[in-house]
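In C-alpha cells, one chain follows: the form predicted on its own.
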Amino acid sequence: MQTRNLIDGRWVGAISGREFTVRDPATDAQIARVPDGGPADARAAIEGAARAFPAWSALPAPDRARIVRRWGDLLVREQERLARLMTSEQGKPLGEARGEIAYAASFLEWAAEEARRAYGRTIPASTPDKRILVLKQPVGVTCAITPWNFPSAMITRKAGPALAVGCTMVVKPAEQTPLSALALAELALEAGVPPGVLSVVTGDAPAIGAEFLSNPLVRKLSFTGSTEVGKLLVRASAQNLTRLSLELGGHAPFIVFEDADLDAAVAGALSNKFRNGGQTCICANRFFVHESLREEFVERLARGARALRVGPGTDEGVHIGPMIDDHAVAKIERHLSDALAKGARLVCGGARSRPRAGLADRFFAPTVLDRCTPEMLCCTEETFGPVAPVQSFTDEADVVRRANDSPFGLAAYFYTRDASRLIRVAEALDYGIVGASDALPSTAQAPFGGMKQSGLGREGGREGIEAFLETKYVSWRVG
C-alpha cells in the first residue's frame, strides 16, 4: 500500500518531512502515516503538471481515451482491495464500498468514450472571404479538492474528464481518506498515465488550496465540500480568475404525495437517507409526507430503520458503519436534542449504538423523528447523519414552497403517480438534481450539480467534459 505522495511521477514524502496519522473511524486504530504536505509540495506538483501538459494534450484523443479506460478497468480488477481500503479509512459498509469502486470506474469509462467527441464546429460566415471555426481545447493544469464521504468516486468524476480531454491534474484528497486517492494514483501509473499528468498531494487543506488558487499555472479548480469553504474558494479565485467547479452542501427535500406508491416511497427513503450512514451530499434531509399517509409512512420507515444493522463496515450484513469522526456525532446529537426540545416525537433510534466492545464511540442508531417543524435545526441545517425528520403537508403548492425555502439547491426527491404533477413539481423545484420516484439518480452520463448556494457548474455527462474545455473562436480570411 503506497503511503507517499505522487508528485511528477515520483513517490515522495512531504518536503517538510512531516506526516499525519490515518485512523479507522470504527476502532481508532492507526492505519497509516502519510505526508503532511503544504504549499511547496503543491507547487512542485503543479509545476510537474505544467511540464506534462504539452505532450499529454497533444496526444490524440483515442490514445488518451485508451489510457483512461484502462485505468477504469484496473479499478474493476482491484475492486475488492480498493473497497476494503476505503472501508478501513472511511467506515462505510463493505458492500457500499464495492459499489463506490464500480461507480468510480464508470466515470472513467464514460469520460474515455465521451472525450473522443469533444467536437468543435464551423459557423456560416457573413462574407464569402471568411470561414469561422470554433475549437475545443483543454484548459490546461487543473486541480481538485475531494471529500471523505466518496473518496474514490469524487476523484474519478473530476480526473476522468480532465485527463481524457488533455488536461493535467493535481488532486488534494481529504485528510480522513488519503489512502484511497493514493491507491487510485498507483493504478493510474499502471494504466499508462505519464509522469506529471496526475499527482496526489496529501496534507494541509487550507495551505494546499491557497497554493492552487494563487499559482498562475493553475487554470481550473474543482471542489466538492461545504458551502462555507466553497465561498472562500470563490473569493480566492479572483486573484487569477481561476475557473471553478463547485459541488457544495445540500439540504434535500423528500416529498411523498397522497397518490404515491407507498411501498416504493418507503424503500426509496430507506436507501436514500441511510446510505453511507446519511453522510452523503444528496441524501434526503427533510421529509414532507402528505397528512393522509404520514402515520403509515412513519411506521413503515421506522420499521425499516430498526432492521438496519449498525457496526464496523467490514462485518457481514452491516448497513450503517461509524460516523466519520466525533464532531459528526456531536452534530447529530445537537440536532436531535433541539428537535425533541421543540416538540418532535422520537419514533426510533435517537442514541449512539454500541455494536460490541472495543469499538470507537461513533456509531449512531438509525433515527426517525415525527411531527417536525421548520424551525428545528434538523429542518434548517444539513445533519449529515442517519436522522430522518418527518413533516406533514396537505397542499402541493405549499409543500413546493417549503421545499424551496432553503439557500441550498443540490438534490430533491418526490413520489407521485400523477404524470401532470410530475412535470409541474419537477419544473418548480429549485434544485439541480430531481429524483421523480427515483431515490438514487446519480449516474456517470448525467450532469450532477446544484443551484443557489449548492455550487457552480456540473460534473458528469456531457457537461462534465465541457467543464475542462476552452472554447476558441478562429476567424479565417481565405480570400
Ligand code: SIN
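Start at 1 and count along the sequence shown; that's the residue number. Note that the structure is a prediction, hence the values are computed from the model and not measured.
Only in words, not in the display: the form predicted together with the ligand, which the text now covers.
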When the ligand is placed as it is in the model of the complex, which of 294-302, 367-375, 212-220, 279-287 ends up with heavy atoms within 4.5 Å of it? 279-287
Ser406: heavy atom within 4.5 Å of the ligand in the model of the complex? no
Gln445, heavy atom within 4.5 angstroms of the ligand in the model of the complex: no
Partner proximity in the model of the complex: Phe150 to the ligand, non-hydrogen atom cutoff 4.5 Å: yes
Arg157: touches the ligand in the model of the complex, heavy atom cutoff 4.5 angstroms: yes
Look at the candidate spot formed by Asp24, Phe274 and Arg352 and say whether the ligand comes within 4.5 Å of a heavy atom in all three of them in the model of the complex. no
Within 226-255, the residues that have a heavy atom no more than 4.5 Å from the ligand in the model of the complex: Glu247
